[in-house]
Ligand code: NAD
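There is one chain below, alone, in structure tokens, taken in the form predicted alone.
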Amino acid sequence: MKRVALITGGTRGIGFGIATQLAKEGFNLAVNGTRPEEAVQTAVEELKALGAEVMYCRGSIASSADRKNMISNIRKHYDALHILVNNAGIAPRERKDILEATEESYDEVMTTNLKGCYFLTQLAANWMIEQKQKDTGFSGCIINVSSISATVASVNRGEYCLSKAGLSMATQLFAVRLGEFNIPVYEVRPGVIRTDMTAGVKEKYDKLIGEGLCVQQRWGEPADVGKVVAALAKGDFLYSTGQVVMVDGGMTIPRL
């Protein structure tokens, strides 16, 4: 039986890159997003063409009801969940200096990027424990996609940085809690990745990358992140729970 992976934000950008690699590795997929089903049909068909069974779970991870529906629908459809990839996240609607940032923006970003992931992980983890107790051969893991912003300060989007720093701690917390069940939890920390989220700052980062921002002088691609997630999901790093895998082209290496 094929293993099942849920990828939040899995129909575009980094999430679609992850879903693509997992489909290639033989996983069946549940991909989550907020867009109407007809808007994601092309992405779903591309994933199916790679041999995966694919279900679309529409909903916002910021919504408790949507999170519960997502897990319930996967249970009805597949009756299994082996991999949770917490990828969905939002940037502030407006980049504002932290001296001028609004509580509304803070609440929106933190609710989606941190609270949503935290409580979706809780739901998935409890189901994984249930599966493990029924079948000792069950193999599952949780993978959180954070950002270099977990440690690299951007004062014009403080709420985003805080949300990713919080997700980094959530990785360690769940890694510790799920250790007794042998369910590893990982953090994948991308750098500057070419997606629709970064399209608005393309010119800025083209220049910075050309000037040596990253050791490897190119943009990261969704497939770069997807291949790392696939290796973790396959079980290639079973003795590395709680660890961070950087996918940033060497951007965060301290250099003189």
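Residue positions are given as counts along the sequence shown, with the first one as 1. Everything quoted here is computed from the prediction, not taken from an experiment.
Below, we refer to the form predicted in complex with nicotinamide-adenine-dinucleotide, which is not included among the displayed structures.
Checked against nicotinamide-adenine-dinucleotide in the predicted bound form, the candidates 110, 165, 90, 81 yield a single residue with a heavy atom inside 4.5 Å, and that residue is 90. Checking 192, 54, 209, 50 against nicotinamide-adenine-dinucleotide in the predicted bound form, a heavy atom within 4.5 Å turns up for just one residue: 192. Figure note: of the listed segments 73-81, 145-153, 169-177, 124-132, the one touching nicotinamide-adenine-dinucleotide in the predicted bound form, with heavy atoms no more than 4.5 Å away, is 145-153. With a 4.5 Å cutoff on heavy atoms, residue 19 does not count as touching nicotinamide-adenine-dinucleotide in the predicted bound form; it lies far away. For residue 197, a non-hydrogen atom is located within 4.5 Å of nicotinamide-adenine-dinucleotide in the predicted bound form, even though that partner is not displayed. When nicotinamide-adenine-dinucleotide is considered in the predicted bound form, residue 33 lines it closely, a heavy atom lying within 4.5 Å.
Mapping the unseen interface onto this chain, residue 160 counts among the residues with a heavy atom inside 4.5 Å of nicotinamide-adenine-dinucleotide in the predicted bound form. Taking a 4.5 Å heavy atom cutoff to nicotinamide-adenine-dinucleotide in the predicted bound form, the contacting residues in 11-34 are 11, 12, 13, 14, 15, 32, 33, 34.
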